[in-house]
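Next up is one chain by itself, shown in structure tokens, the form predicted on its own.
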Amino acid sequence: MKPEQELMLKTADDALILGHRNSEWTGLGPILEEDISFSSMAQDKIGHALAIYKILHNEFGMDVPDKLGFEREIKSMKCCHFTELPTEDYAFALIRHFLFDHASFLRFNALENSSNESLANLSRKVRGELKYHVMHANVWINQLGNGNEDSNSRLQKALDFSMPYALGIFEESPMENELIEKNIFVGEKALKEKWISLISNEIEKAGLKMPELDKLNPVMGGRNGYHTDDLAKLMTEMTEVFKTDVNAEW
């Protein structure tokens, strides 16, 4: 596998899995506006995954998008653990949305300058959507963080729980140096530094406390095929219709 394929697979798998997790709020959002917002962002993420799977199929001869998304062995999935975790409550869903989408926004911004032309073109297209995802997250983090003692406490608890998993977004590829040398991607370390600076500012504005990162153990393994049991359960659920007839055409 070429380094750009590995980069695309993990980016697409993250988007596919978190898209499905966010879609779990459809019909269950705390208010109608949020119900619609999370559903819309879920649709965007699954669309981003589809677009990347198409590049992998068209340019690298990999399977068609449906098979890449729905038929791969769990071990071959490259999503990070953070995207796999069940949606426990709105505070966790919001914090995951905030932490992940800031990272995703920075990732696609960096990929606009990728030497892989298809990836660069796609990044320019999705940038507008991700900008609004980040704005949405910032607004709600700020409102609830500065809301009352209960909302602040619930967000802080979710943030403290989430941060070790969020650091796993930046698990480095075995081909990290090649990605950087070929100007395909700036690398996970550089991305993480920008992300920390960006989210720290928003967390402070929301009246929350940034966890002490140097005391945390980042949760890694997803990029190398080691996953939580939650992913297997989710994959079973999200592929149920597809697997009733894999050759069906709509």
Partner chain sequence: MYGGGYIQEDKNVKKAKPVEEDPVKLAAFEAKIEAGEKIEPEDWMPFEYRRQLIRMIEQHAHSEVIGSLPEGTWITRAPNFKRKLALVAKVQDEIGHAHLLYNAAETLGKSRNEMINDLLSGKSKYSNVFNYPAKTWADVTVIGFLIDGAAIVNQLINSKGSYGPYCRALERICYEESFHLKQGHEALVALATGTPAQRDMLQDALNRWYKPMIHFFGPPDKTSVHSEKLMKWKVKMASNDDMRNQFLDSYVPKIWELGLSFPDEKLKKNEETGVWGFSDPDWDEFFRVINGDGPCNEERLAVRKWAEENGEWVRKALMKPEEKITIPLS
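Positions refer to the first chain, counted from 1. Please read these numbers as outputs of a predicted model, since none were measured by experiment.
Although not depicted, the form predicted together with the partner chain is the subject of the following passage.
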### Query
Looking at 31-39, 210-218, 55-63, 188-196, which lies within 4.5 angstroms of the partner chain in the model of the complex, counting heavy atoms?
31-39
### Message
Taking any heavy atom pair closer than or equal to 4.5 Å as contact, tell me whether L231 reaches the partner chain in the model of the complex.
### Response
no
#### Entry: the partner chain contact in the model of the complex: K78, any heavy atom under 4.5 Å
no
### Message
I'd like to know if G147 sits close to the partner chain in the model of the complex, meaning any non-hydrogen atom pair within 4.5 angstroms.
### Response
yes
### Query
Could you tell me if Q43 has a non-hydrogen atom within 4.5 Å of the partner chain in the model of the complex?
yes
### Query
Would you say all of K10, S173 and E181 touch the partner chain in the model of the complex, counting a heavy atom within 4.5 Å as a touch?
no
### Query
Heavy atom within 4.5 Å of the partner chain in the model of the complex: which of S151, N177, N121, S115?
S151
### Query
Judged by heavy atom distances of 4.5 Å or less, which residues of 65-88 approach the partner chain in the model of the complex?
P65, D66, G69, F70, E88
